[in-house]
Structures are given as structure tokens and as C-alpha cells.
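The chain below stands alone and is given as C-alpha cells, in the form predicted alone.
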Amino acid sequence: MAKYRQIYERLAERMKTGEYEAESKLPSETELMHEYEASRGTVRKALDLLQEHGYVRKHHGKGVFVLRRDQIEFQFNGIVSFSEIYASMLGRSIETSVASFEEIEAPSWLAERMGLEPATLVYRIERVRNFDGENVILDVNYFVKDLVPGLTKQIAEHSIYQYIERELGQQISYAKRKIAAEDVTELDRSRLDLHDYEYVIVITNDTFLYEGRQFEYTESRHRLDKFQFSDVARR
């Protein structure tokens, strides 16, 4: 593993465990160079990666500060499962429950969207993400049965992507993603703790395997106050 990634993982772990508290200032680059026996360039790459992943924010002339992680942060520039996001948020109470799991024939709108033959079987899954005691995210997943065989409710309670990659040996390649604000639906009201919110943020994902076949369509429906996405733009 590259030296800068080792430093990144060590610093990230120290933030997760609370050794570096939210809003505290990290040691200076010079101090980190001495602690990790690394060059300034290597330390800066580690700090840049921490900033990319939402752990810290650099303030010019003041230093690098640990960010609060009161929201569930998703990155637009990668395909990351919820369980992988959860792994970066130790100390928070986050749970997944499967509210609905069924095998159905793909509705006409889904078959058209995914380019499926009529009567193609898909798994339709509703998963509710509970964050610190409140249901704040509803994922409505559709997986093509032939491409994700053997999927169960028990697998869906943990990580479907891990099952696809480790158990089925498939390679997840890329996703087409869209984000929009939409009116709250009756399904949202029945599954989420919405309080007085009348809108949710909806992220749609059309996700493909390495050979180009689409295996998933998902709508991820987020309560407004728990919505946060990050990306890195380069010129």
C-alpha cells in the first residue's frame, strides 16, 4: 500500500475513534512528516484524500480541521455501498431493515428503462436506513434475477454489492446517476420519519456490470436534513 494511503487510513481511524475530535485542528504538515517519517508531498496527498472523503477541511493559513459527520455522506464520484459508507462512521447508530422483498415480473416502465425482455424476473426490495433512531433514507432497489441469482432478504440486510462481488464473482463497473428534489409520496410517508418535510432528495442509479449489462435500478430517497453529497472537481 502506498505510504500516503497508510497515513490517510491511520488519520481516518483516529478521527473515527474520537482521538481527533470534530472541529479540532490536526497536527501541522511538519509534525505529521516527523510522526510518519514521510515527505511533505506524501503528507499532503494523505490530507487531500481525507478532504476528498469528507473527513477534514483545509483553511488557508490556519490549518486542517476535522469535520463534523452529522450527515450520511455519499460521494458522487464513485460506486459505494451503504455498508461501506457506514464503515467510515463509527460511533453513529446506523441500521438497515428490509421492509419489503419480493420477486416480480419487471413492470413495463422498468423493462423499457433497463432494456429487459417482457416477463423478466427482478427482485424488488425496499430497504430503510435508520440513522440515530430515525428512518431517514428509503432505498427502492430492482435487481435482475438472472444477473444476481440467489439474492435473499438476509443478504439484503447486509451488503448486496459484497454478495455480487465476493460470492458471485461479478465486477461492478459503472453507474449512471441523477439527483433531483421530488414531492414526498405516500410510500415515503409510510417508511420514513419525515416530520414536516414535503420534499425528499431522490438519487436514481442505473448500475452496470463490467461487460456492460445493467443489473440494477435504484431510487434512493433521502430526508432533506440528512442529505449530503460530495465530489471533487479538477480543472
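Since the structure is predicted, the reported quantities are computational estimates derived from the model, not experimental observations. From 1 onward, residues are counted along the sequence shown.
Keep in mind the form predicted in complex with the DNA is missing from the figure; the text below concerns it.
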* Can Glu37 be called a contact residue for the DNA in the predicted complex at 4.5 Å between heavy atoms? -> yes
* Can any non-hydrogen atom of His59 be found within 4.5 angstroms of the DNA in the predicted complex? -> yes
* Does Gln170 make contact with the DNA in the predicted complex, using a 4.5 Å heavy atom cut-off? -> no
* Decide whether Glu29 counts as a contact residue for the DNA in the predicted complex under a heavy atom distance cut-off of 4.5 Å. => yes
* Among 194-202, 176-184, 38-46, 162-170, which stretch sits within 4.5 Å of the DNA in the predicted complex, heavy atoms only? -> 38-46
